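Encoded as structure tokens, the following chain is the form predicted alone, with no partner shown.
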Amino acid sequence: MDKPLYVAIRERLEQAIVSGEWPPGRRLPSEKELAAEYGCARMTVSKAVTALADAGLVTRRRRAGTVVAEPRPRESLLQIHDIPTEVRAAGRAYGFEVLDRAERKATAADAGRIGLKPGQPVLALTVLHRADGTPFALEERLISLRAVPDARAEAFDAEPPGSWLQARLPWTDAEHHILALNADARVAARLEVDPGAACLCDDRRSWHGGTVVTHVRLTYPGDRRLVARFHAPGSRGKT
């Protein structure tokens, strides 16, 4: 199945931003100009630009239009990073595969992770993200079907679940737990590493308003690093 046009437009614009072709502060073409360029309705372009804004890549300003956002390193560990954007920003080819997909009633363990009562409906997904064909991250996600009923009918063949959710129900709050672990046989097989290999795990929940939308565990091979640079208040530009 071909990806929706708005996804293709978003990816083209995103690539221009993450590659540095469009630096921070650069004004994007207007929605009217983009619609003419891609031969589509302005609503389609608006959906693509909204997804970029939700991901923090652009800022919409009244009268000034839409501009490429300034990077926010102070928040880099706290934000939910979009894996396709992250992979492409490194100059690598992105791909993903849905390994498992099941709609079920929440177990007691599910309920504790996603804030539902046992028996309420959830969608469980396992997704493998690749960079240049090599496993980049294993995603194990629960989506509350009470919060996002449209996920029930979504195949996730055009874009991965995290990007899909952010475009439709942007997170307002998130809780991260970063931990190191050793890959069990199942995770090792999917990440193509040896059993017991060191991995880095980002275990998190995200909310929209006061409602938990999703819980996800992202497991990365052990060469993964999380880096952030901080400035003390009032010290920017000083040594």
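The term rigid core refers to the maximal set of C-alpha atoms that superpose within 1.5 Å between the two forms. Since the structure is predicted, the reported quantities are computational estimates derived from the model, not experimental observations. Each residue number is its position in the shown sequence, starting from 1.
The same protein also has a form predicted in complex with the DNA, omitted here; what follows describes it.
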| field | Contact assignment for the DNA in the model of the complex, among R26, H177, R186, R60, heavy atom within 4.5 Å | value | R60
| task | Answer with one of L200, C40, L191, V212: the residue that has a non-hydrogen atom within 4.5 Å of the DNA in the model of the complex. | result | C40
| Exercise: T44 in contact with the DNA in the model of the complex, heavy atom 4.5 Å | yes
| message | Residue-level contact is defined here as any heavy atom of the residue lying within 4.5 Å of the DNA in the model of the complex; does G196 satisfy this criterion? | response | no
| Going by a heavy atom distance of 4.5 Å, is N182 a contact of the DNA in the model of the complex? | no
| request: Flag T172 as yes or no: does it have a non-hydrogen atom within 4.5 angstroms of any non-hydrogen atom of the DNA in the model of the complex? | output: no
| message | On the criterion of a non-hydrogen atom at 4.5 angstroms or closer, are G56, T85 and L99 all touching the DNA in the model of the complex? | response | no
| field | Threshold 2 Å Cα movement between the shown form and the other one at L13, rigid core reference | value | yes
| Closer or farther: the CA pair A48/D173 in the model of the complex, versus this form, with a change of 3 Å or more? | closer
| query | Do D157 and V58 move together or apart in the model of the complex, judged by C-alpha distance changing 3 Å or more? | reply | farther
